[in-house]
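Here's a solo chain for you in structure tokens, the form predicted alone.
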Amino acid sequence: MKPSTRRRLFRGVLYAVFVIALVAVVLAADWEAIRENFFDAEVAREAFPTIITVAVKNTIIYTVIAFAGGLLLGLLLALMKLSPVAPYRWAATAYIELFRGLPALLVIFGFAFAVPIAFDWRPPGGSAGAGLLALIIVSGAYIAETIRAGIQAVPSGQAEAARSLGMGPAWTMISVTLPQAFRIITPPLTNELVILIKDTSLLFIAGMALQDRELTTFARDSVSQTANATPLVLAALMYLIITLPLTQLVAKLERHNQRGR
């Protein structure tokens, strides 16, 4: 048998196995139970419009705040890590390694419960504020490494040319290096934004007030109230509506950057 024939036969077997498995799942599933427990129209109607006006709105707000704060913190840490002053490099490296090594859930729990107990202080915004502060701290560590890599990816000749024109190191970094670095790191930064959207679901551990709930907390509370999983399906759908366009944007930006090279 020719190799090409064997490959076609092998692909045919794989297709057949897939079709058989799909038919088996379709025949074995209890579609009525699935509809009642995951796609109940009455439960879905009760979730609207609150799931949009509260849960989706808060998820987007929390994401924007966490990303903006993490971006500013990450930029500061990246510049510190590239600083010629050794203590700044040590401090930035220690911070980045610490918070990249800790689970975000643990950091949120610490700021929501341990910090207020230890220091008799609560971040502004209550539980939501504590969770957001933790997300900013964690995301800043990851974004710092992304920005650092982007800065180092800019050809050194660009900075040298700027200095030859009389620009100082600070102005060279601001006007020459950083704009080029951010063009390079736009896809990974967008990916960090997508991750943050999903990480807002961890804020439930802080205990959210009704008006502060994001999608996951709203879905959890609704499931408890209705004894039905339809709110979880709705929350998953909302996450996909938010994140899928962004993931497609990341792919498009990566293709654009590859063509630019």
Partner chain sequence: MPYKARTAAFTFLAIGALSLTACGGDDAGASDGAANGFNLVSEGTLTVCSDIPYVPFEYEENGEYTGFDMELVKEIAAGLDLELAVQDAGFEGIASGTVLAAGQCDLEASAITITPEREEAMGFADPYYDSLQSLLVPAGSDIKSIDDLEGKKLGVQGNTTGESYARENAPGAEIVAFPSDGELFPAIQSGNVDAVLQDLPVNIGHTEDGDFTIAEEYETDESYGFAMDKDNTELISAVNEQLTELRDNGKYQEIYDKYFTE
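Positions refer to the first chain, counted from 1. In this text, all values refer to a predicted model and were calculated from it rather than measured experimentally.
In what follows, reference is made to the form predicted in complex with the partner chain, a form of this protein that is not presented.
Engineer: So which of I52, L210, I195, I60 gets a non-hydrogen atom within 4.5 Å of the partner chain in the model of the complex?
Structural biologist: Spelling it out, the residue with a heavy atom inside the cut-off is L210.
Engineer: Which of V233, I65, A44, A206 has a heavy atom within 4.5 Å of the partner chain in the model of the complex?
Structural biologist: By the 4.5 Å heavy-atom cutoff, the listed residue in contact is A206.
Engineer: Please identify, from 134-142, 177-185, 151-159, 121-129, the stretch that has a heavy atom within 4.5 Å of the partner chain in the model of the complex.
Structural biologist: Checking each option against the 4.5 Å cut-off leaves 121-129.
Engineer: Quick one: does L237 come within 4.5 Å of the partner chain in the model of the complex, counting heavy atoms only?
Structural biologist: Heavy-atom contact with the partner chain at 4.5 Å: absent for L237.
Engineer: Decide whether A170 counts as a contact residue for the partner chain in the model of the complex under a heavy atom distance cut-off of 4.5 Å.
Structural biologist: A170: no contact with the partner chain in the model of the complex.
Engineer: Heavy atoms within 4.5 Å of the partner chain in the model of the complex: does D221 have any?
Structural biologist: D221 belongs to the contact set for the partner chain.
Engineer: Hey, in the model of the complex, is A229 touching the partner chain, heavy atoms inside 4.5 Å?
Structural biologist: Although the partner chain is absent here, A229 would touch it in the model of the complex, with heavy atoms inside 4.5 Å.
Engineer: Taking only heavy atoms into account, state which residues of 62-99 are within 4.5 Å of the partner chain in the model of the complex, ordered by sequence.
Structural biologist: Nothing in this stretch is in contact.
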